[in-house]
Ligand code: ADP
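Presented as structure tokens, the chain that follows is alone, the form predicted on its own.
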């Protein structure tokens, strides 16, 4: 037996609220329940300051008893009370992993305590890998971490999208690459691996959606033709993620290995900027078809992009090529302005002997569609113009071509001939 969302709802519903308000079910307080193995999260409408801690205590006792009855050791229970705007006003924590039973919310709904809500092992370091994360020492122990990495069941090709520095539009490129591939009829997944600054909730318009856990597996959101998962829907939007390397390692492994991806042609992974823990974890645990490096044209961005490309190569990951983002700006007057020095990233790619995957312009429509979470509109030439839509399609085409070449080079794909 195991704890399930339905079994927990059945346990919580009859609990008395207090102050003569009947039960949780009668008062309509229960917003949602999430359970993954021995980790439980409960969110309720605020019953009032006087009733928060007593009600949280009753919930803690009931969930603990239920866990014992089904033979599960309750590792963590988080009970959150939210106001009418959905902001967390009080948090109580129970279980083996809790150092304090209750934490009051700071003004504005931000917790004064840790900046994340663990679900199914988030923030816990696997003992066997903790010594390998967060430093170059771990990378040096294996010449090519990809040699021992494994694939995800049902996923044909995994593409990492990385950058040497932040602010170059890496997440924008990752989202639009995934959408472009899905528009061509492929089954595509998108993983927000930027665990310190997840941006997929905004770029995909996930604000009103709740993360669902079924049978211990995270269920990806199906939006814009893409299956997407992001840590941004597992933590409070305004809380900082203050994690050391092993904690980041555990979070990333959960997102990859405890997500029900199903059958995918492509899984696009949006990495955090730089050459740190998550990239190393990715190389050690997941076999990749290749990596895309995103760079803006100016020299300061190129310097960091070179380091990112060299990192992928050192880890045994094929660099599929370089995308020059914000290559030029398209004004309302239709003119093109080379704000950052158009062509710089292309020259860098040539110097490194890497394929150039294309240049993507910046225009007002792209910014607006990204802020509204409507990436499909970026492929409507009537909305964004042919320069942007054509550039995004061209990048997707080149990525597909480079993946096919990389897989044939590794012997995982053979060329085919179609006669008609």
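Everything quoted here is computed from the prediction, not taken from an experiment. Residue numbers count along the first chain shown, from 1.
Keep in mind that the form predicted together with adenosine-5'-diphosphate (ADP) is not shown, yet the notes after this line are about it.
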- Task: May I ask you to state whether residue 153 is within 4.5 Å of adenosine-5'-diphosphate (ADP) in the predicted bound form, using heavy atom distances?
- Result: no
- Query: Heavy atom to heavy atom, is residue 158 within 4.5 Å of adenosine-5'-diphosphate (ADP) in the predicted bound form?
  - Reply: no
- Does residue 168 make contact with adenosine-5'-diphosphate (ADP) in the predicted bound form, using a 4.5 Å heavy atom cut-off? yes
- Item | Heavy atom of residue 384 within 4.5 Å of adenosine-5'-diphosphate (ADP) in the predicted bound form | no
- Task: Tell me the stretch among 26-34, 370-378, 349-357, 59-67 that has any heavy atom within 4.5 angstroms of adenosine-5'-diphosphate (ADP) in the predicted bound form.
- Result: 370-378
- Query: Exactly one of 366, 395, 42, 55 has a non-hydrogen atom within 4.5 Å of adenosine-5'-diphosphate (ADP) in the predicted bound form; which residue is it?
  - Reply: 366
- Note on the structure: Only hit among 172, 254, 76, 92 for heavy atom within 4.5 Å of adenosine-5'-diphosphate (ADP) in the predicted bound form is 172
- Query: From first to last in sequence, which residues of 307-325 have any non-hydrogen atom within 4.5 angstroms of adenosine-5'-diphosphate (ADP) in the predicted bound form?
  - Reply: 325
